[in-house]
Each structure stands twice: as structure tokens, then as C-alpha cells.
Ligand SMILES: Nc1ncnc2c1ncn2[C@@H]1O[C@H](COP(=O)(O)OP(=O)(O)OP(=O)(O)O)[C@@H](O)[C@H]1O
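Heads up, the chain below is alone and in the form predicted alone; it's given as C-alpha cells.
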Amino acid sequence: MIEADAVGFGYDDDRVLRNVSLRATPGETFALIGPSGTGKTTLLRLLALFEPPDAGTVRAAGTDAWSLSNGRRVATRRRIGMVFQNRSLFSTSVAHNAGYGLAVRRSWPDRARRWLRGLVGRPPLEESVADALETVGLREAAHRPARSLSAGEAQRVAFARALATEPDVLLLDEPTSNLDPRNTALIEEAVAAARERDIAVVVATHDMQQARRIADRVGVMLDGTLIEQGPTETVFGDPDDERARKFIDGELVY
């Protein structure tokens, strides 16, 4: 489980997040919707433990993550996977890219050996990597060079890289932005597969129809504040906050 409790964050006088609270539980997909610049990506970065909030608390499995020793916090961070909007792949094979997250968790000598094997040969796929590639529909492309992939395929590899580490929490930042319908559908199927594995998924998306399709619960963010959250159909069908209703109906434009 990952949760934010009255979290705030900013730079000097620029407040990016204000008093944000949410919880994502195992086997649940929580979608964050809202206009660009309202703090969705920043919130995901705090949940990923990339940096601490300057107000409030981020908890993982009920414990304040930033009260832990550095070693325990790193171990906690390794149970959290994140897929960024702008995917970055190495100029090696699909399998090598999908397994990179596992590789960096190993000792340096073993990491170096596996890195070299990935460059010069075709080592057997590890089970978790093979399973992750199967989930995103790229098992047969395991030994293709990553540079030969389309943008949608590259994003699916980035998703597989996060899944291969078998995380407890998966954070997705606009995972289907600018993708064609087929790749969008495959990634949404992978989100459903993560949910079935009891992973807590938090996804930030501009696509409100996507949020409606994949999410158990939805939160609406405006001006760095989570103004509405609840079951998906309740938020879309009968939100309490008038600003949330106007945003969902397209009347509130930023």
C-alpha cells in the first residue's frame, strides 16, 4: 500500500501540491486526472520516494518512508515501479532493457557479466522478464534491438521493465500519451494484469475515458489540490465538488 497524508510540495513561493491525501491499496487502480501543470507528476515522484514532501507524510505499508534509515528506504523504493511519460531505452535488446531493473539490484560483478552477455549474445530470458514481456505482448520480440521499436512498443518495454521487478506499487505517468489505439489497448490490458497480481497502481492521465475504463477509483486534481476522489462511476457521474463536475463536463478549461 502507498499513501499520501496531507502532502505539500513547492519551490520557494511556488506551491506545486497543497494538502494532498490519497491511498492506493493492493489490487486497486487509482487514476489521477486533471489539466497539465496541476501537480500530478510531482505527486507521483513523491509517491515513488524520489524526494520527500515538505509537508505531510508519504507512507509505504503504513510506515513513514522518510523516517526509515537510508538502507530501509532504498529497499522500500525498490518495491515501487514507475513508468515515465518519456521512455528511455538502451541501444541493446528488448530483453536487456526489460531486465535492466533486475540487473541494477544485483552485485556489481554479476551485473557486469549479465550486461556483457546482453551485448554479445542471447542469454536465456529470466522468468520474470519473460513473463513481463508476455504481459505487454512483446515476448516474441525479446531479442530484437530496441532501436527498431515503434514509440508504442518502446513504451510497452518500459512497462515490462517496471513489471519485471515484481513491484508492490506501480506508478504510471501518462503511459499512453500520443500512442495509437492498439498500443493504448495493450498497455491498458497490462494495467489490468498488474491489478490482478495485487499490485497497487496509480496512473496519471489526461484521458478521462481511459480513467473511466481502467480505474477502480479516481481523483481530480486542480491547482495542486485533490479536490475530489472516490469510486470511478461516482466521481464521473455525481461529483461533490462543482469544479470537478465542470472539469469532467469540459466546462472548466485551463
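Start at 1 and count along the sequence shown; that's the residue number. Only a predicted model underlies this, so the values are computations on that prediction, with no experimental measurement involved.
Heads up, the form predicted together with the named molecule isn't pictured, but that's what we're talking about next.
You can rule out all but one of 38 to 46, 54 to 62, 194 to 202, 212 to 220: in the predicted bound form, only 38 to 46 has residues with a heavy atom within 4.5 Å of the named molecule. Although the named molecule is omitted here, in the predicted bound form none of Asp5, Ser21 and Leu170 has a heavy atom within 4.5 Å of it. Proximity of Gln85 to the named molecule in the predicted bound form falls within the 4.5 Å heavy atom cutoff. Taking non-hydrogen atoms only, Glu174 approaches the named molecule to within 4.5 angstroms in the predicted bound form. Taking the named molecule as it sits in the predicted bound form, the stretch 1 to 33 comes within 4.5 angstroms of it through a non-hydrogen atom at Tyr11, Val16.
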